[in-house]
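In the block that follows, a single chain appears as structure tokens, in the form predicted on its own.
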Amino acid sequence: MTFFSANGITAGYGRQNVIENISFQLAEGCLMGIIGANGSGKTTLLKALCGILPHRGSCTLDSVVLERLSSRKIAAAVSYIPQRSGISIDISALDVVLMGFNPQLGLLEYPTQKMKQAAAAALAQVGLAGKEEMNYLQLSEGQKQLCVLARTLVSDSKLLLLDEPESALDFRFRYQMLKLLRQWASKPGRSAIVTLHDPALALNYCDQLLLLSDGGILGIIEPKTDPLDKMEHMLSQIYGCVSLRRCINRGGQPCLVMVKEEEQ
């Protein structure tokens, strides 16, 4: 059953469209990755889906048309994490995470002790235990991204949109972040969409991959079940000639490996 759908989304800046007539569907509990070359429209698409960028077309989340909601109600249902947080004031890491509860709080209402405990637990979950009182601005770029992820983990959103969250993280934390996203999205009443720079992460953690090219959908693949030759053909249109192999890691789990081939 469709949980989220985008229908004919067209958006851009000024009079120039960056994406045109984008349509797709997402099931409940699904983690969808969006990949494409630089300038293909990944960030523009996410901004349109969450309503912060004017667009044509419509988005439906759990049978509700988002364009009919107020900005506050959209923010309560959809969490968007940009590549940069935009936070430029002195604020503790814990207070950043507590922002995730804002849609649940009334005017001038302060977070409860239970919310503070949940925020501290979320920081520990992303690897930032003991940094609750550290100034957010003094964190590394990777730590800032993890802190903002923790903010999202405590929110009550139905749909999570993340723009290249792995770009500032090292090898270990990239995989930890995608594992956390996978766990978050698998809970009832949730789904997530993430643009990714690293195709290896996308292939091994996402249920579906939406491939963008020149502002349109090149295709959608399902890494766990689609034939290798189909995926190779589609991915080669973005990355050049590539080969895929299915392997088993030391833990006995299946995984996909992508190798860049020499152009003929």
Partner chain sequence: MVIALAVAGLFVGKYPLSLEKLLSGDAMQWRVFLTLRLSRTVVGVIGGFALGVAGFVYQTVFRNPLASPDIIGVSSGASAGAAAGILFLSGSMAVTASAFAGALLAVVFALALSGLDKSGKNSTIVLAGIAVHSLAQTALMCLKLTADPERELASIEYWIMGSLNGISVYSIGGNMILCLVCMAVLFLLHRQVILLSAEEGEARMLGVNVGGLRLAVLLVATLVTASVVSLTGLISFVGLLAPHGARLLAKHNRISTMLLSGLLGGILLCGADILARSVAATELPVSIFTSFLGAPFLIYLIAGGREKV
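Here the structure is a predicted model, which means the values were calculated and not measured. Numbering follows the first chain given and starts at 1.
The same protein also exists as the form predicted together with the partner chain; that form is not shown, yet it is the one meant from here on.
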Margin query: Is Ala75 near the partner chain? Define near as a heavy atom within 4.5 Å, in the predicted complex.
Written below: yes
Notebook entry, point to check: Is there a non-hydrogen atom of Ala129 within 4.5 angstroms of a non-hydrogen atom of the partner chain in the predicted complex?
Noted result: no
Notebook entry, point to check: Heavy atom to heavy atom, is Pro199 within 4.5 Å of the partner chain in the predicted complex?
Noted result: no
Checklist line | 4.5 Å heavy atom contact, Gln117 to the partner chain in the predicted complex | finding: no
Item checked: All of Thr225, Leu228 and Gly240 with a heavy atom within 4.5 Å of the partner chain in the predicted complex -> no
Check: Heavy atom within 4.5 Å of the partner chain in the predicted complex: which of Glu141, Asp170, Glu133, Asp156?
Finding: Glu133
Next item on the list: Just give me the single entry in Gln125, Ser85, Gln176, Ser186 that has a non-hydrogen atom within 4.5 angstroms of the partner chain in the predicted complex.
Entry: Ser85
Margin query: Tell me which stretch of 162-170, 189-197, 100-108, 117-125 has a heavy atom within 4.5 angstroms of the partner chain in the predicted complex.
Written below: 100-108
Check: Does any residue in 28-51 get within 4.5 Å of the partner chain in the predicted complex, counting heavy atoms only, and if so which ones?
Finding: Cys50, Gly51
